[in-house]
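Given next, in structure tokens, is a single chain: the form predicted alone.
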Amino acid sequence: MTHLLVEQPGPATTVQDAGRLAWQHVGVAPGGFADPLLAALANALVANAPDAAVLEWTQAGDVLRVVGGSVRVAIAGWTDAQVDGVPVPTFRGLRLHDGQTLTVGPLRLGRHGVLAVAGGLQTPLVLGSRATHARTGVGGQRLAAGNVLPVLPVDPATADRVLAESLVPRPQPVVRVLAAPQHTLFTADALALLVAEPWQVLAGDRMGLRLQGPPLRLLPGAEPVSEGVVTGALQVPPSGQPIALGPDRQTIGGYAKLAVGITADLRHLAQRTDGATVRFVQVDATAARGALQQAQAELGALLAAMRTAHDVLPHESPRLLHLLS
């Protein structure tokens, strides 16, 4: 069987798909894509369904060797990549052949990048999803050297696709938020403080980002009850410093939630790096729905802008010359 062999893993690479949202009522975290736009673009570049399983890396990618056949991959992220030491482009379908090694370098922008494989990664389904939740082991763990990632054989008749990198929206430092139902438990100035100035990202992972700024305080005697949480919720512990929850979040939380990032901006929140800042802007539900519709329209425009790639990349030239000789 054709597979990708992990020769050198990135610091926090996992297999992800759209996640296992249907199991939160029994305490199973959803997981799933941190940046759904990049995942959709990478999958489209290799003719996958938008929810096909991909590799999502953090900060730096992996060194992968193709074993047992040929594969087609696409890298979505602001990084440099090489095949057998030869530079290859991102946001383009790439044909890789038995024995070739793909090296994905550090990100120049953002926290996460995506590598899609034609047909989707064929790791085991767990509760209907291939998403990895490393903290619990549901769906597996982070990539480690020696891991084998099963893939489907490449269809040689399928054309490579390319998207101009300049068209891809870059992560932004501004995230729109809705007031959460528990915002009434906070002092009257809490929401104003949240949007008044940028917040610094102290540290984070797929579970959440710890932010630093002016303390956000509960009203005296306020007693928040444990309730379900969603990705993008700003959960505020006793320190007053919020935690922006990510896709690997818990399913229920006892800390009060002041606000929640709108769906259209969750990718911007997930892409903030340690030491960077993020600014919040409060909007209403009508604006949030409008932003989601706009994001969906922008994705449609990007998919329509993809073109067939007719050029032969340098890493394929030696193989083609051998076949023609």
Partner chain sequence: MNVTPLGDAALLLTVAAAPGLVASAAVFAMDAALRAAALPGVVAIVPAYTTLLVHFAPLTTDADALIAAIRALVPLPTPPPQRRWHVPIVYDGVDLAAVAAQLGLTPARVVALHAGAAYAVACLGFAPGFAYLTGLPPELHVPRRATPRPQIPAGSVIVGGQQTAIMPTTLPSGWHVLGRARLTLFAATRAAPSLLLPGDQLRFLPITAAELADSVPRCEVLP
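Numbering follows the first chain given and starts at 1. All figures in this text were calculated on a predicted structure; none of them were measured in a lab.
As for the form predicted in complex with the partner chain, it is not shown, yet the points below apply to it.
Among 200, 250, 122, 141, the residue placing a heavy atom within 4.5 Å of the partner chain in the predicted complex is 250.
This chain is displayed alone, yet in the predicted complex one of 67, 288, 60, 47 has a heavy atom within 4.5 Å of the partner chain; that residue is 288.
Looking at 185-193, 128-136, 73-81, 109-117, the stretch with residues near the partner chain in the predicted complex, meaning non-hydrogen atoms within 4.5 angstroms, turns out to be 128-136.
The shortest heavy atom separation between residue 267 and the partner chain in the predicted complex exceeds 4.5 Å. At a distance threshold of 4.5 angstroms between non-hydrogen atoms, residue 292 is in contact with the partner chain in the predicted complex.
Looking at residue 277, you'd find every heavy atom of it more than 4.5 angstroms from the partner chain in the predicted complex. In the predicted complex, at least one heavy atom of residue 178 sits within 4.5 Å of the partner chain. The partner is not shown here, and in the predicted complex the stretch 70-86 never reaches within 4.5 angstroms of the partner chain through any heavy atom.
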